[in-house]
Every structure is written in structure tokens, then in C-alpha cells.
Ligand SMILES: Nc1ncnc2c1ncn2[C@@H]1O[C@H](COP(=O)(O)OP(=O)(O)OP(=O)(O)O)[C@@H](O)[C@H]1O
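Only one chain is shown below, in C-alpha cells, and it's the form predicted alone.
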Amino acid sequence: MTAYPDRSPDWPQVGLHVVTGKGGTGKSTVAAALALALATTGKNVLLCEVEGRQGIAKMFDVDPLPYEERRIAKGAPDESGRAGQVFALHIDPESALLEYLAMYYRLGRAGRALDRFGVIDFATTIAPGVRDVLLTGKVYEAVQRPRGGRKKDQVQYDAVVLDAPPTGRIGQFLNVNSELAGLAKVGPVKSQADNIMNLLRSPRTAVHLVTILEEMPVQETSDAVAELRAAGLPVGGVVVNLVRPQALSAASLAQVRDDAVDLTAITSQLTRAKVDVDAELVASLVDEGRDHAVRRQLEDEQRALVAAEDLPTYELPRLAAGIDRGALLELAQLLRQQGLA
């Protein structure tokens, strides 16, 4: 594991961390690791998901999450011995709409009756924008919740981490309330939409982007950064995930790429290591080394493009054993050491 010097967090004032990324980059893993990293600093954190995949439950090896906040992990104690906790919430638009109707229009039983008749499902399916309004509205409620909450047993969170839709949809998802506010000129809908956008565009929010060192994810990250900035939404950092080990020096990689490898020296070294060596084995190893060197060159080119965005950047390694709770704690430690949490 790479050693990083201790540093202060880059986002001390942020209460809402939105995590997005192209599919396959590991954005859900990064969101979970970030929640654990924040909990390690003594904060109570809510980790939210909105895509209906129950990814949080799978990563933390717990039962599928209902529309209810549940404690799923405890952060490692900080220097003072204090440890925060990670709660999780699976937000589905139907439950969010019922809660919204009960909270703002006092339609408790009437709202449940609408659900039985299928009106809720119809409303959230026929108008996809309604789904995003409800999902962002629930996240807003968790961030802005007063101490003690609306109910006695509700937790006030120091930070909320949102495992958000992918980069191709993130601008539309976060900006949907701005469009709603433009349609609703007055009333509670207009007020709620304005309040949500005020939070999302404030320094209390940061939209972090997850990428891997491949051309399409890096390009999507760049496009998303431009889209978010154009919408006035605060861009956070870029997490470069699934980084491969970098055991060879730049000089060694150049030698392999340029076919300047001393085959006799390789054969001699393998023989000293008591490896049964022949020309075919040496040629195979050189071919593998060349493939690795070419891959590293492409990754370095993509890393330079990420750096050109001039955003705080964090790197997480590819873990050979996969992702479980222990792996999440390892990634959380790296994020904290690098200053994301």
C-alpha cells in the first residue's frame, strides 16, 4: 500500500458528498469507503443510494435495506478515541413521495390509498423527472435535519454521502429542481425546489467524480466536470480508482517498450533463481512485460488528462481479493490519508 503523509481534510465544510462516475469505475465502492473514512473522523454519516440496486447491503453484507435509516458500521476510533457511525438508507421514489405527501400535505392515509390504486407508481414512471425530485428531496431532508430530527429517534448527521447516478445523468439529476422551480412560480413546491438547489449549489455540497485510467471514463469525467460547472454545481475531487501496481521504473518500462531488453541477462537471473528456463519462457515473459509497459503508458496519458482538470485528485488501488468490509476499511484509510475525508 502506498504511504501518504498525514494531511488535513480538503472538504471540512462539506455536509453533502455526492459521488458519481461512469458505470464500472467503482463509484459505489468509493462512496462506501468515503462514508467509512468520514466516520473514522468521529462523524455520524448517512450513506444513501438511489438506483435501486441494494449495492450498500451487498458491500456491507447486511440484509437488503428498506426505506429506513439503519446503522451498518462503526468507524475506527480517531486520535481522541471517538468513533462515528455509518447509517445507510435505500431511497425509493414511491416511499419518498408518500413521505412527502404526509410531511407537506398531511395526506397520511390518503397517500397510502393512492399507493394502493397505483397512482404513486404511475406518477413516478410517467414523469421520470418526478423521481429525481423526490430522491434529491429526501437527501436534502437528511442534510438539513434539525437536531433530534422530526422524530425523537432520528439522527442528526454530520455528513451525508450520496451514491448518485452515473456521470452521464448526474447533471440532469442534480439540476432537476432548478427546472421545477422555473415551472412552479409560487407555493410550497417552488419553495422546496429553491431550497434544494440552494443546498446543491452551496459550499456545503461537493460532487466527487470517480474514474479509472481508461479513455472513455476519463472523457466522461471531463464532460461531467464541464456540465456541472455550467450548471453552477460545486465540483469536488476526482478519485482515480482501480490503479494498478507500479513496480517498474519509467526507464525499465521504456526498455521493454523499445525491445531493448537484454534476454541473456533475464535468462541468467531466472537461472540463479532456480527457474527451469528456456527461450520460449523468456520470450513469453518479455511479451507480457511489453503489454504491461504499453498499458502503463496509456494510463499515464490518461492520468495527465485527469490532472489537466486542475481538481484535487485521489488514487485507490485495485484490490486483488475483491471488495468486502475489510477492503472498504483499507480504502477508507487511504482516502483519509489523502485528504478526501
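Keep in mind that this is a model prediction, so the values were computed, not measured. Heads up: residue numbers just count along the shown sequence, starting at 1.
Unshown form predicted together with this ligand; subsequent notes refer to it.
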query: Contact of G326 with this ligand in the predicted complex (heavy atom, 4.5 Å); finding: no
query: Contact label in the predicted complex: H17 to this ligand, heavy atom within 4.5 Å; finding: no
query: Contact test in the predicted complex: R53 vs this ligand, heavy atoms, 4.5 Å; finding: yes
query: This ligand contact at P317 in the predicted complex, heavy atom, 4.5 Å; finding: yes
query: Partner-proximal stretch of 201-209, 90-98, 224-232, 238-246 relative to this ligand in the predicted complex, 4.5 angstroms, heavy atom; finding: 238-246
query: Residues within stretch 14-34 having a non-hydrogen atom within 4.5 Å of this ligand in the predicted complex; finding: K22, G23, G24, T25, G26, K27, S28, T29
